[in-house]
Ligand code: NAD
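The form predicted alone is given below as one chain in structure tokens.
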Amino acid sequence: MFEISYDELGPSKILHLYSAKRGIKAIVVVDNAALGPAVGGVRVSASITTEEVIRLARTMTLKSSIAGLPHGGGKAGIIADPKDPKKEEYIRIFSRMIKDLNDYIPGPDMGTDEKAMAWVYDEIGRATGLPEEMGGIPLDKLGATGFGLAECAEVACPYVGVELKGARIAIQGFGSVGKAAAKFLSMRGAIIVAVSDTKGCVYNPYGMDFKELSELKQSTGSIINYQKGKAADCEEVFSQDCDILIPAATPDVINLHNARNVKARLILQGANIPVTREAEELLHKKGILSVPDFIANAGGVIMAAMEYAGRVEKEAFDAISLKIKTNTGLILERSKHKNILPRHAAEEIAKERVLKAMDYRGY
């Protein structure tokens, strides 16, 4: 059985919610709110666990802190099928159950989108990632997280001797994050050589067309039938010969079982917690640079915070570019100087700010 562990940051609140009438179960974690109300997505999954929500909430604390946002970190998980036709009903019930949890601001995540956040906002009056019609900045439509990954790549590539223009890219997960990353990296001259989704992997060492992949995903729900590439198992995306690997789907996909097969020189963590701690250690020993999730994929939460503060789209994109480029350079320099993992360097910086805020507040 999973045993909850606490440290100097938190988690401060772990709530297990249950609606007896509808049988809806959910988990909410407010990891730390010293810097401000915690922001974090509402993930819908039949297999979500307390451990996963706790880990994701900590990532949000570190992400908000190092990005200089006036927010702490939180996360929610609704234990349900994201394709359930009664989705609106259970999200509205969940929203009413967290109405008085004022130090948590919900946002979109796996299994939820702008429409879901509109339902949340309608029930409790607070949410990020709202539809444009409600004053929101559409994170997924604009590709905020993918844009941030491309900005991160510009700074990280020189550290591994890779020129971004012409760099070979492999992307695990072709949802909103992976698709946007492919788009913005292609615009910078990178070459997509492998892509995977839940149905499988397609690869072509000479490159694949982003527009065709995107249209195929939109029309069929998968990229597996892409005609200009060879099909393979999902797992093979991690062992493709490439310069940059982007895990952009679920947690812990790069682990001790497959890290030895990674050929990329640079990993940009597009998903939250996609690489296990043990795998990061192994990759570091192999000389593979892995930029941690709360640095590389912070574009979404930065845009969400800008939306919550009433800013506009251009201001949000400018903030993403500035913050991610600055923080990528900062943590990679510290990592190089101190000969430590990039994650450790990033955690040092992020924790310093949170601990100071906790001291000011007398926590």
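Residue indices: 1-based, along the sequence shown. Everything quoted here is computed from the prediction, not taken from an experiment.
Keep in mind the form predicted together with nicotinamide-adenine-dinucleotide (NAD) is missing from the figure; the text below concerns it.
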query	finding
Contact assignment for nicotinamide-adenine-dinucleotide (NAD) in the predicted bound form, among I105, L185, A271, L266, heavy atom within 4.5 Å	A271
Contact assignment for nicotinamide-adenine-dinucleotide (NAD) in the predicted bound form, among K217, R126, H284, K87, heavy atom within 4.5 Å	K217
All of A167, G189 and D243 within 4.5 Å of nicotinamide-adenine-dinucleotide (NAD) in the predicted bound form, heavy atom check	no
Which of 114-122, 169-177, 94-102, 284-292 sits within 4.5 Å of nicotinamide-adenine-dinucleotide (NAD) in the predicted bound form, heavy atom basis	169-177
Contact test in the predicted bound form: A249 vs nicotinamide-adenine-dinucleotide (NAD), heavy atoms, 4.5 Å	yes
4.5 Å heavy atom contact, R58 and nicotinamide-adenine-dinucleotide (NAD) in the predicted bound form	no
4.5 Å heavy atom contact, N297 and nicotinamide-adenine-dinucleotide (NAD) in the predicted bound form	yes
Close approach of V155 to nicotinamide-adenine-dinucleotide (NAD) in the predicted bound form, 4.5 Å, heavy atom	no
Contacts with nicotinamide-adenine-dinucleotide (NAD) in the predicted bound form, stretch 134-152 (heavy atom within 4.5 Å)	L139, D140, T145
